[in-house]
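This document contains two forms of one protein chain, each encoded as C-alpha cells and listed individually as structure 1 and structure 2.
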Structure 1
Amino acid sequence: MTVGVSLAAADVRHPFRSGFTLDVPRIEVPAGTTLALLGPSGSGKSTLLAVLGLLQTPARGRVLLDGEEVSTRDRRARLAMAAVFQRPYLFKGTVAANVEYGLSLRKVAREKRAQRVEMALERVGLAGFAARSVATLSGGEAQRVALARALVLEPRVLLLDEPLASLDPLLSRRLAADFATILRQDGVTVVWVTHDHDEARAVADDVAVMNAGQVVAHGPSADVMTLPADEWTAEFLGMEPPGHGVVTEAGEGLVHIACGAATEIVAAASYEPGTRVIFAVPPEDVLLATADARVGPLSARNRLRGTVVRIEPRGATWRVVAKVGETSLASMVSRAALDEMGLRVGEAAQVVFKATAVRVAAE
C-alpha cells in the first residue's frame, strides 16, 4: 500500500485565453483521500489539475506537497506523481512497453519491471495482455492500461483528468467502481477531474465545484452534493436552488427555520436563533403525496403544503418539483406512483420529510 501525501495549492492565479482567470486562493487534498474537481467544460478544472500535478507552472501561486513547496522543475516531486487523462494516450508498441515506461525512467531493474508490470496488469483486470499491441485494445482496455501505467509507479499522488469520459456509459460506470476500489486499496492521494456528478459521488471523499476559474463549493462529498452553495451550483448539479431562511428556535438538536411568510421547516442542526442559513433536502428523502392523502412516517416532522411546478423524466423515475413558500423541493417518484397519485403541474401536494434529512449551512 502506498503512503499518500497531502497536496495543496495556494494563491493560484493563471489567466486563460478565453478571458477568465483561474483563481484559487487555497485548495487541499488530505493524504490518502480523493478530491473530485467537478465543473462544466472550460471551468478551469483541468488547468488546476495540471498545476497541482506539476505539469504546468501557474502565472502565480504555490503547490505544496506534504507542506513543502514544489515546482515543475522538482523532479523528485514529479516522480511521486502520475496522471491518467481523458484519452489513454498509449505509446506505440506493446502493453508491457507502455506500463513499464515510467519504471524504466526510474531505472528499475529489468526483472523487477517485468514483475511489477504483470502485477499492475492483473490489478486492472488485464492479466496476460502484456505482449499485446496497444493497437488491438478496445477503449476500455486501453484506459485500463493507462491506469496500470500510472499505478505500477506506486505514485503517492494520482491525477485523473476525466479518465472515463471517452467511454460508453456502461463501461464508464463499471470502470469508475473499479478505479475507486483500486485507489482506496492503495491509499493514494487522488485528484479526479470530472463533469459527471454521479462519478464524483462514486469516487470522491471531497468535492470542489468549479465555475469560470473559481472554486465555488468545496467540502465533503456528502455535503457539497446535497446542499448546493448557490443557484449556479444547484443548477449545475441538477438540484433545486438552496432554500434561504432564518433560525427562529433552537433546542434538543433541532432548529426551526422560517423560510417565507407562513412556512417553517424543522431540521436536525445546531444554530443560534437569528442565524441566516441555507438548506436543502435530497430528493430521495422527500415524500410527495396529494393534498388530502395521509402519508409518510409518523416521525416525519415536516409536512408542508406546496404546489407542483415541474414534472421531469429522469431515467426510470420522475422528478417532481413542488414549490413550498419561496422554496423549491424535489422528489423522485416512480412512474406507477405518479400515475396513482394523478399529480399534475399546478396542483396542490403534500411534501413530507424528516428533520434529519434536511442539510443546513450558515449563509
Structure 2
Amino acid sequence: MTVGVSLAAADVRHPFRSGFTLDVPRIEVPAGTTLALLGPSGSGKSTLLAVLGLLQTPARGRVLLDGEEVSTRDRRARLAMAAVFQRPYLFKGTVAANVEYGLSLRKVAREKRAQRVEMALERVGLAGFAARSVATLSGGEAQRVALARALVLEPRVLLLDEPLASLDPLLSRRLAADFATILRQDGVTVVWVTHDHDEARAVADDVAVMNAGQVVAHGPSADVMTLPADEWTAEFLGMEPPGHGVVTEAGEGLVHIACGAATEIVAAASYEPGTRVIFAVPPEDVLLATADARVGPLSARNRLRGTVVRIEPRGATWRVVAKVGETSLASMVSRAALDEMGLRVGEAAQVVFKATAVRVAAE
C-alpha cells in the first residue's frame, strides 16, 4: 500500500490573461485523503492543481510536501507525484507497454516492471488486459489504463485533472465510484479537479469550491456540499442561499433558530442563545405537501407553512422551492408526486424536515 504525504500551498498568487488572479492564502490536503477542486470552467482549478503538482511555478507562493517547501526544481518531490488527465493520451501498442512506460523511464528492472504492471492492472479492474491493443479499448477502459499508468509508479501524490469529463454521464458516475474506492485502498494523497458536483461528492473527503481564482469554500465534503457559504456558492451547487438566524433557545442537543418575524426552526446543534448562524436543509431531506395534507414522519420537529415560488425540472425529478418567512427551502419531487399534489407557484405548502437534517454553522 502506498503511503500518501500531506500537501499544502501557501500565499499563492498568479495572474491570468483573462484579468483575474489566482489568489490562495492557504490550502491543505492531509496525507492519504482526496481533495476535490470544484468550480466552473476558468475558475483556476487546473492552475492550482498545476501549482500543487509542481508542474507550474506561481508568481508568488510556496508548496509544501510533508511540511517541507518544494519547487518545480525538486526532482525527488516531482517523482513522488503522478497525474491523470481528461484524455488518457495512450500511444499505439499494448496496454502493458503504456502502463510500463514510466517505469522504463525510471530504469526499473524489466522483471519488476512486468510484476508491477500486472498488479496495477488488477487494481484498476483490468486483469488480463496486458496484451490487448489500446485501439480496442472503450473510453472507460482507456481511462482505467491511464490510472494504472499513474498508480504503477507508486506515487505518494496523485493529480487528476477532470479525468472523467469526456465520458458519458452513466459511465462517469460508475468510474468515479470505482476510482474513489481504488484510491482510498491505495492510500495515496489525491487532488481531483472537477466541475461536476456529484463527482466531487463521490470521490472527495474535502472539497474546495473555486470562483475567479479564489477558494470561496473549503472543508469536509459533507459540510461544503450541504451548507453553501454564500449565494454564489449556493447557486453553483444548485442549492438555495443559506438561511440566516439567531439561536433563541438551546438544550438537549437541539437549538431553536429564529429566522424571521414569525418563523422558527429546530436543529440538532449546540450553540449558545444569541449566536448568529447560517443554516441549510438538503433538498433530499425536505418533504413538501399541500397545505391541508396530513404528512409524516411524526418525528419531524419542523413543520412549517410556506409558499411555492419556483418549480424547476431536474432530469427525472422536479425541484420545488418554497419560501418560509425569509428563507427559501427546496425539495426534490417526482413528476408523479407533483401531479398528485397539484402544487403550483404561488400556492401554500407544508414544508417538513427533521432537526437532524438541518446543517448549521456560526455566522
Partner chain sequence: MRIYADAVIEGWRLLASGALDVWTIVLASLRVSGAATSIALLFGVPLGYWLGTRRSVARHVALVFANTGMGLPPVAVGLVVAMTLSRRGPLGDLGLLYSQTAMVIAQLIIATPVIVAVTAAAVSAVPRELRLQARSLGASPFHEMLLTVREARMGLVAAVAAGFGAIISEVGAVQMVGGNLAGETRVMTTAIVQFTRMGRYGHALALAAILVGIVLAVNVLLTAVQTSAERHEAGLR
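Whichever C-alpha set is largest while still superposing within 1.5 Å between the two forms counts as the rigid core. Everything numeric here is computed off the predicted structure, so don't read it as measured data. When a residue number appears, read it as a position in the sequence of structure 1, where counting begins at 1.
Undergrad: Just to confirm, one of these is the form predicted together with its partner chain and one is not; which one is it?
TA: Structure 1 is the one predicted together with its partner chain.
Undergrad: Superposed on the rigid core, does the Cα of residue 133 end up 2 angstroms or more away between structure 1 and structure 2?
TA: Residue 133 C-alpha, core-superposed: shift of 2 Å or more.
Undergrad: Would residue 93 count as moving between structure 1 and structure 2, using a Cα shift of 2 angstroms or more after superposing the core as the test?
TA: Yes.
Undergrad: Core-aligned, does residue 142 move its Cα 2 Å or more between structure 1 and structure 2?
TA: Yes, the C-alpha moves 2 Å or more.
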